[in-house]
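What follows is a single chain, given as structure tokens, in the form predicted alone.
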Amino acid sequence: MSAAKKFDAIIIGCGQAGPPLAGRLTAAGQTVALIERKLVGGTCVNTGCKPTKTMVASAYAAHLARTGADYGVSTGKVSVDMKAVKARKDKVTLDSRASLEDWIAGMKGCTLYRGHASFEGPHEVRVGDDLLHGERIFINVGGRANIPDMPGIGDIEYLTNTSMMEVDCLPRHLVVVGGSYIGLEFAQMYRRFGSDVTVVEKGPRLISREDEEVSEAVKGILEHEGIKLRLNAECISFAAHPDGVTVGVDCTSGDRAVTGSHVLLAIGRKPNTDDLGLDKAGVHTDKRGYIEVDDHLRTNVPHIWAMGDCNGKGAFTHTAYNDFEIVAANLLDNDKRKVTDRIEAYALYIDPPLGRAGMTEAAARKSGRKVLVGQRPMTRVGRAVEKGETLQRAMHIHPTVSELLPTIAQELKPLA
């Protein structure tokens, strides 16, 4: 058996934190093994932000065309070519992935390994026939759709946010199980493409992490566009049907089931940590499989860190990238940045989009802090009224220039 190839650092996963950390480490003269078992770019580039927001933009264009008469613009009958929508989405994703791969290829001292990584010891990671030794190891393996063991789930075909990216036809009736950000974005998107859409949510309201009036406002926006909602669906079950899939939604009252041509499961996420061999490295996880880390994202094994979705500290691109910034600051800049210094930021990309920074009102009240609360409806904002963006027709906020401002600021240098 050949000896292990030695590196200053091993990074497992090419999501939003892995490649920039490889860039910083190699720029500092270190050797890095970067491992990816599937697609460079992780969730954001391949099945999350990039492709879904590209499709949201297509859905927005269809919606704006249909409502053009409200602005005095007649467009006639509007049709959506789903194959063209998918092709546009695929190009955006492929271009982004290719750009990232080119960047990695240009990193002096970085070797990209393609394959599944598993620990064989605290410092050893195997990828296929290659055994790698890293003085430091950084885990950035992300997460995947959670598929609970619900009655009948094994008897049907279903979609997740990943497999939804391969759909190139218009579902006749899309049933979305899950009333949080992933489910609601797909629900409005496909309703605007022309599908009948029903959202099934186990809880009493949508996006339960938000304040009640926010949930109610979002509910009104979706219902106004013809999306049907089934809340308090305590007894969700599935069964095959000649027309697709029947989803049981209620055990006691109302229509007890809804039948759709397609079912999308959007019931949370789970970390990709179950097949890493973490026990061989001595790395601890919690009962849900998330890797336990301290305020600097270090695991219980001092030379191993975990970044991104797999550490349970956030489930967004911006939190994963901020994890990279925290790790790099502590290791390379003598800057003691901490996870607990992070201000929560959250976005829901329906139209109009929901954005939040910091606590909800409910969380602020629960904390006992003295707070000030103010509200301003868009119907009382002159510019919003002029543009017809008082509620249903606000322009999407992604991508934005503002999200790049911190990166630009970090790269500021004195004039030569």
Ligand SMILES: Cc1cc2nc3c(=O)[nH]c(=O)nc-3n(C[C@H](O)[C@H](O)[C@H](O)COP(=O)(O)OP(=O)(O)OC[C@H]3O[C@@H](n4cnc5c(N)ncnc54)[C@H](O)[C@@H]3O)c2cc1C
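Since this is a predicted model, take the numbers as computed values, not measurements. Each residue number is its position in the shown sequence, starting from 1.
Keep in mind that the form predicted together with the ligand is missing from the display, and what follows is about it.
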Taking heavy atoms only, is Thr31 within 4.5 angstroms of the ligand in the predicted complex? no
Is there any non-hydrogen atom of Met307 lying within 4.5 Å of the ligand in the predicted complex? yes
Heavy atoms within 4.5 Å of the ligand in the predicted complex: does Ser96 have any? no
Contact of Ser237 with the ligand in the predicted complex (heavy atom, 4.5 Å): no
Which among 44-52, 64-72, 23-31, 366-374 is in contact with the ligand in the predicted complex, heavy atoms within 4.5 angstroms? 44-52
In the predicted complex, the one of Thr111, Ser215, Asn161, Asn330 near the ligand [non-hydrogen atom within 4.5 angstroms]: Asn161
Among Leu276, Ala233, Leu265, Val85, which has any heavy atom within 4.5 Å of the ligand in the predicted complex? Leu276
Heavy atom of each of Tyr60, Lys219 and Thr360 within 4.5 Å of the ligand in the predicted complex: no
Taking the ligand in the predicted complex, which residues of 128-143 have any heavy atom within 4.5 Å of it? Asn140, Val141, Gly142, Gly143
